[in-house]
Structures are given as structure tokens and as C-alpha cells.
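Just the one chain here, laid out as C-alpha cells, in the form predicted alone.
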Amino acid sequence: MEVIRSQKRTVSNDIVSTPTLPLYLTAPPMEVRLEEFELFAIDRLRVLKGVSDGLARGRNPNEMDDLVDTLWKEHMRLPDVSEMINKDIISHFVLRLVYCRSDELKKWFLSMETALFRHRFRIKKIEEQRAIVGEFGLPYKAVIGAELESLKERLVLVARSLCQTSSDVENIYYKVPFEEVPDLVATRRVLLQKGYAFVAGSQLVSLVVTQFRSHLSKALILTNRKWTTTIREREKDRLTPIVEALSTSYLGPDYTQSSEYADISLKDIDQVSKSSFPLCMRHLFEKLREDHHLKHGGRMQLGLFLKGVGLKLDDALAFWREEFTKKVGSERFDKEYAYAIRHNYGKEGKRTDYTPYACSKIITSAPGAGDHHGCPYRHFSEDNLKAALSRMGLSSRGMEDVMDKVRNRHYQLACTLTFEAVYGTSCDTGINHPNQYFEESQKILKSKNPTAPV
């Protein structure tokens, strides 16, 4: 796969012979426009993040089938089938390059791509599923004749243990080494005999997913080797910046411009911080009021958030001046801090209109000693986090639900559950940005009492 500048591929419909569910065994021999390289990857990333959220919320397999189908239609579908297959293949290999670069990235990508493949396979018709098995070249043959007849009685017992009837015993079974279907063995959904598992035709997904995951795991190691030895340096001025940015990409609104629900003033800021700030910003705000100072990371995280919720430049200067001058004095504030505030608002330097930090950036930050920025769900100790959640009014049950997500590293979902517990309403889209949390909070509070300041 060769990435080229803005021009059409040499053969626009030149796709590798493949079923509608590619196996991504080899990179496609095609040219890809630079714009497609990034845009296709972002669309697939939206799908994978949707899958991640669905799994973290505990959706059952059928619900995940529906979710994957919806996500795919929304982000990956194109009118032309061949172009859609190209997009599927290109986006996978781009993200393989993006997520091969560390063990943590590889683990997430491997899990999400495997889950995506599993549910895309599950919603295929049985004929398509068997064709995909053939594409993998799996060496399994159907059990037939006398061997199948000798197993029928035990297969009926397996069916009954799964609350099925005798009529549910299928006519097609595959004999495979038991270690190749660990999920079926672990949940006792197959007949085991002499080291083999007898897998029903309807359970083909387990056979294929095991192979898919194994292949992708090995491929990520090889891709990482190519990235570190060749690609990163060779493409340092073209692809490398795109690749390194994609793994932390935020895919929603940037909140550069405040909305009707984000327009706070100095007189309301303390009250609003208690009613509508997410925990990360509430913590920074309280530390600023307590210590009259924040280090650079904290100033950037809170300052850009306040900009995004509608605090005007003059008010921002007055807000920070009021706190900092209690510790550093007016002259030092004007000399060392005021410029950076004006810079964030695009009034100094390159006059860039900087955007508030998204959850992905905050979670991956690395606060040091004396820092207060970052994501509390990731960076707080368990005791400190529980104390903070208690101050936000979470019940013991709500707090334990949040802590369960934290222990499993679902930090954004933990924040989403906090939001739902505080405001008594669901947030199906999930919390992906502190300014989103603020705006959704304001919508809820203002809908309950339109005239009161919140």
C-alpha cells in the first residue's frame, strides 16, 4: 500500500479479491491518496471507539451486533461496494500502523478489531460465514457418518445444558483442537473428547475469531518492527505526524466557540463550578482557589476549558489575576502569566485560536509532583477518587459502579457514569470532552429551572 499526494488511485476499483468481510492477511497493492489515509482511519476509529463504549457498558452479544451494524453504516458505508471494501482495508492497515507503536496501543487495537470482526461475522449469513472460513484456509472438516452418529447422544446433552431441545442439535459439526476455541470451552458450550472440541456450525465465529486475533497479534509485532526501523524516519515529514496524532485523536466538537449553554461570568463561576464542572476541572478550580496557583499543565487544562465555556478574555485575565496575585504579586503576574492567557485566546504570538483539551488528551497526560491536571479517574488514588466522588453526591452503589470502570481502565465511561449519577439521566453518547460534560449539565439544569442561574 503506497500513500501518494492528492490524485486518484491508478485503478480506482482495484481491490484484492476478498469477501465482504476482509481478513486483512496482507496489505493491498494499491495507491492511496494522502487525504484518504487520514480520513478513512478517522472513520474506522469512530467505529472502534463506539465498539469500545458498547463493550464497556456491558451490552450483550445481540445488542453489540446491532451496534456494530449501525456504526458501520454510519461511518464506513459508501455507495460503491468496491470503494467501500477499499475503505475497509485501507483504514484497517492505517490504524494497524498507528496502534503498533506501544504495548498499550496494541492491546486496545487488538481487542477492538477482534470484537469488530466478531460481530461483523455474526451478522453474516451462514453461507457467507463458511466462505470466510474457506478464505482463512482453516484445516477443519465437518464430522460426518458414523463418527457423528456416535456423538449424537452426547451432543443432545450439551444442547440441553444450554437450555436447547434435542431438535436444536445441528447437522454440521467441526472437530478442532480444544485450545483453538477457548471461549467455548470456558463457557462449556461444546462437547470435548480426547483433546478435541466438536463445534457446531452456528459456532463458527469462535473458530474464525481465534485465528483472526492470532494473525493480527503477530502482524502488529511485525508492523512495529517496520515502523521503528524504517517507516518512522523515512516518513518523518509526511506520514509520521499523522500516525502519531491519530491514536489520541478527539473526534467530536472542538468547543472553540461557546454555545448558548456556555457563557459564564465571573460572578457565577464559583456556583457553576460546583453544579456543572466535570471532576477534572472541579479539582483544578478548587486547587486554584486553595493554593492561588497552578503549574503550567493545570493552567492550560483549566484555562482552555474556561475559554470553551464562555469566559471572555477580560474576565479570564481578571480571574487568574485575582488568584495569582495573592501569591506572586501583580508585577510578576503581568510579566510571567498574562501573556500566556492572551496567547490561549489567540491575541499573542501566532494568534492561534487554541481549543480546550479533550478527554483523550487529558487521560494520556503525565502529571508530576505538585501537578493537579490530568484525569482524576486515571491519576487519583482509589481513596482520593472515592472522596472526590462522595463530595459530588454519589451514592455507595453509584460510586462502586464508577470504581469498577476505573479498575478496568474505562476512564471516560467512569466519568459518564458519574454524570448520570449526579444528574439522574442517561448519557448514551458518553462523555468525551470536559466541555461536553459542562454543556450537557447546563442543558439539564436550565430545563428544570430556566430562569435561575445554575
Partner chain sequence: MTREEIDNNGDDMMIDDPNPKIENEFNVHYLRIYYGNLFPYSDIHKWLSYGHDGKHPGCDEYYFGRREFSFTLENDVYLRYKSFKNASAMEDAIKSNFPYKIDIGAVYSVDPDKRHAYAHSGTNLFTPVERELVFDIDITDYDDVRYCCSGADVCTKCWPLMTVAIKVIDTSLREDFGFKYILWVFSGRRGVHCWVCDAKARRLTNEQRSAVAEYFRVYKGNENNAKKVDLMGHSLHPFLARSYVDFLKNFFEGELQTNQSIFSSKEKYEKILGMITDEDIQSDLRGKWENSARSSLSEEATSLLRWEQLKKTLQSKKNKAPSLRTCIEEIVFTFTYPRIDLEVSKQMNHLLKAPFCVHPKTGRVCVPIDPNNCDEFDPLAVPTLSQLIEEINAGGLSMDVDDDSDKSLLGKSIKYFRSSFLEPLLKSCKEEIESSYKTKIGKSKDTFSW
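Numbering follows the first chain given and starts at 1. It should be emphasised that the depicted structure is a prediction, and the values quoted were computed from it without experimental measurement.
The following text describes the form predicted together with its partner chain, which does not appear among the structures shown.
Heavy atom within 4.5 Å of its partner chain in the model of the complex: which of G370, P241, G329, G137? Only one option qualifies, and that one is G370.
Go through K295, K236, K267, H292 and name the one with a heavy atom inside 4.5 Å of its partner chain in the model of the complex. After the contact test, the surviving option is K295.
Based on heavy atom distances of at most 4.5 Å to its partner chain in the model of the complex, which listed stretch, 89-97, 154-162, 318-326, 70-78, is the contact stretch? Going by heavy atoms within 4.5 Å, the stretch is 154-162.
Does its partner chain come within 4.5 Å of any heavy atom of K287 in the model of the complex? The answer is yes: K287 has a heavy atom within 4.5 Å of its partner chain.
Since only the chain is shown here, I'm wondering whether H379 would be in contact with its partner chain in the model of the complex (any heavy atom pair within 4.5 Å). H379 belongs to the contact set for its partner chain.
Does A200 reach its partner chain in the model of the complex if we count a contact as any heavy atom within 4.5 Å? No, no contact at 4.5 Å.
At 4.5 Å between heavy atoms, is E147 in contact with its partner chain in the model of the complex? Contact with its partner chain, no.
Taking its partner chain in the model of the complex, would P182, A186 and A366 all count as contacting it (heavy atom within 4.5 Å)? Contact check passed for all of P182, A186 and A366.
May I ask you to list the residues of 76-100 that have any heavy atom within 4.5 angstroms of its partner chain in the model of the complex, in sequence order? Heavy-atom contacts within 4.5 Å come from no residue here.
Are Y411 and A41 closer or farther apart at their Cα atoms in the model of the complex than shown, with the shift being 3 Å or more? Result: farther.
Change in CA distance between G374 and S111 in the model of the complex, which is 3 Å or more, as closer or farther: Distance between the C-alphas of S111 and G374: shorter in the model of the complex, by 3 Å or more.
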